[in-house]
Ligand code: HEC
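Okay, so here's just one chain, in structure tokens, the form predicted on its own.
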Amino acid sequence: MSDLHQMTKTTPKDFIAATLGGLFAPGLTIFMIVMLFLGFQKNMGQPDPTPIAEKVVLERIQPFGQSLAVDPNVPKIELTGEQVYNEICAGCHASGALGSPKFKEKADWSKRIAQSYPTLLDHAIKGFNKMPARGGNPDLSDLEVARGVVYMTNAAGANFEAVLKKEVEPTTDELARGKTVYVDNCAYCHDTGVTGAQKLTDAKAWTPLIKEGKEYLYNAAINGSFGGPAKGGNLKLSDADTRLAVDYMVAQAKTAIAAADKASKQAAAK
């Protein structure tokens, strides 16, 4: 026996639906290709007006966030001018990035040096043009910034000193008090040079230290530095008395330096 199969008639509506269904997938594909092409064209438009290298430098020197690893109980060790330059300033000044004066290039620095040390220090602390405040490191103290400025400017021919304000000379009574504090707390090491301490009469050892300024020496004496203990090992000593001892040592060291300079000139004249 054979079965009789009767085909269902195709209506116009069915034909249109089938046609549209067949065109949907290719149409979607074409649409996606067109959008992809337009996206490429958009990305290939006008370049970023800020040079890539400059953007990288700006990102690198932007102010740091607060370090969560800092222990407030640990005394801050002040950086030298060379350390400030190497760790902070060299990112721009070694190459002259962002229009900064290049390290040791006298032509770059001459006009800036002529503006005076106070002006350059103010620019470095507060920021100027594309240079961020404190070179992008807010943890730098004013004195550390000053040392960095002096290190760079002096390398280009200046003769500045890293001071924040003119140092006040101690009175006769203050020097007398400083001598007493020195004898009681500092003389054991600084009279003999034991433990690597700078002998009070060693002009060569004291010359670079005095150029750093008294604030630097005060901080070193109060918090401990150069391998020596804080306040000469006497933690009961007040900060004020410690400063007076430093005043006395600086005065004695300057006398030794002057004597050494005089002896050197006399020897050269013979």
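From 1 onward, residues are counted along the sequence shown. All of these numbers come straight from a predicted model, not from anything done at the bench.
If you look for the form predicted together with this ligand, you will not find it shown, but the lines that follow are about it.
> So in the predicted complex, does residue 203 come within 4.5 Å of this ligand, heavy atom to heavy atom?
Judged by the heavy-atom cut-off of 4.5 Å, residue 203 is well away from this ligand in the predicted complex.
> Should residue 225 be counted as a contact of this ligand in the predicted complex, where contact means heavy atoms within 4.5 Å?
Close contact exists here: in the predicted complex, residue 225 approaches this ligand to within 4.5 Å, heavy atoms only.
> Quick check on residue 129: any heavy atom within 4.5 Å of this ligand in the predicted complex?
Residue 129: yes, in contact with this ligand in the predicted complex.
> Give a yes/no on whether residue 170 approaches this ligand to within 4.5 Å in the predicted complex, heavy atoms considered.
So residue 170 does not count as contacting this ligand.
> Using the arrangement in the predicted complex, list in sequence order the residues of 114-140 with any heavy atom within 4.5 angstroms of this ligand.
Counting only heavy atoms within 4.5 Å of this ligand in the predicted complex, the contacting residues of 114-140 are 115, 120, 123, 124, 128, 129, 130, 131, 132, 134, 135, 140.
> Closer or farther apart in the predicted complex, the C-alpha atoms of residue 207 and residue 147, for a change of 3 Å or more?
Farther apart in the predicted complex, by 3 Å or more.
> Would one find the Cα atoms of residue 124 and residue 218 closer or farther in the predicted complex than in this form, where their distance changes by 3 Å or more?
Relative to the displayed form, residue 124 and residue 218 draw closer in the predicted complex - a change of at least 3 Å between their C-alphas.
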